[in-house]
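Single chain ahead, by itself, as structure tokens, in the form predicted alone.
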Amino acid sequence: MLSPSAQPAILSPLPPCGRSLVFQRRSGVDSRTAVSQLARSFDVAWGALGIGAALAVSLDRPIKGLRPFLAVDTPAGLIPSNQGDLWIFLRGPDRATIFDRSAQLGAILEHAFFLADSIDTFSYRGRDLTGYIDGTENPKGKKRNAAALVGPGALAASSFVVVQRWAHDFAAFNRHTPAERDDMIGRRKETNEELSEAPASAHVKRSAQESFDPEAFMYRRSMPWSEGGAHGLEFIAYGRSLDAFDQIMRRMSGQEDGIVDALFTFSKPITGGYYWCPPVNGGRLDLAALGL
């Protein structure tokens, strides 16, 4: 059951089309008025909205547990950041709807924010563009709500989200045999069966959420993207905190034990940001935690 106080886009099925947007504050402009107007105007059926740490601090209302996504050098290479002040994920049945909603947002925000990054996403038969099913280990039922949403307290029914774009190198991926690709992912492509004898570097083994202490469950809502000859995955994962993602990325990138996730042999992260997704009250965003 969906929590009535959570942004519905967090737990709803993935849409046919989406657009991931990152906005930055304009220098010397007070963003308070624009954020207030956005809260009044944003229809939560449009998608999900997240607030960056710097924006919250600028409003004199830092959010406990919210921090910026910092770039870091790892054994897997650079994990980059494009941390923004505001992130919005638009969802819709077609690109025309996404276009119209983007125009409405632009009109609301243009005086105080500028668009720093944007990518269109789409559903690809429930799979990543590599052909492997994505999100198999997502928690279900009550466990889904517990993983994705903050529990009782001042921030109840809100969520933290990580947004990280991955670019796939299909030439590198296709140089491997089908069996080697299965070993890299840790599952059989055709059946989605997990391989018990997969190498220690298999993605499934490096990112197994139940293998951490404490367990590092998140609720993943990732979608593929393809633009200008480049392709990949817009990784979007909601959590009751940002700690689960931190744990998993440390292990995947080899910071924990030196073993790098095989995913890095054909895909690289090219963006990264952390945001806080406020709860909903009366069908509108509830920004009381920000004093708005």
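In this text, all values refer to a predicted model and were calculated from it rather than measured experimentally. Sequential numbering from 1, following the sequence displayed.
In what follows, reference is made to the form predicted together with a small molecule, a form of this protein that is not presented.
**Student:** Determine which one of 179 to 187, 146 to 154, 99 to 107, 112 to 120 lies within 4.5 Å of the small molecule in the predicted complex, judging by heavy atom distances; exactly one does.
**Tutor:** Of the stretches listed, the one contacting the partner is 179 to 187.
**Student:** Would the small molecule be touched by all three of T136, H203 and S207 in the predicted complex, meaning a heavy atom each within 4.5 Å?
**Tutor:** Verified in the predicted complex; spot residues all in contact, yes.
**Student:** Please tell me whether any heavy atom belonging to L263 falls inside 4.5 Å of a heavy atom of the small molecule, as the geometry stands in the predicted complex.
**Tutor:** Residue-level check for L263: yes, a contact with the small molecule.
**Student:** Heavy atoms within 4.5 Å of the small molecule in the predicted complex: does M218 have any?
**Tutor:** Judged by the heavy-atom cut-off of 4.5 Å, M218 is in contact with the small molecule in the predicted complex.
**Student:** Does any part of F235 reach within 4.5 Å of the small molecule in the predicted complex? Heavy atoms only, please.
**Tutor:** It does: once the small molecule is placed as it appears in the predicted complex, F235 has a heavy atom within 4.5 Å of it.
**Student:** Is the gap between F42 and the small molecule in the predicted complex 4.5 Å or less for some heavy atom pair?
**Tutor:** No - in the predicted complex, heavy atoms of F42 and the small molecule never come within 4.5 Å of each other.
**Student:** Can you work out which of L59, M252, A34, I63 has a heavy atom no more than 4.5 Å from the small molecule in the predicted complex?
**Tutor:** The residue from L59, M252, A34, I63 that makes the contact is M252.
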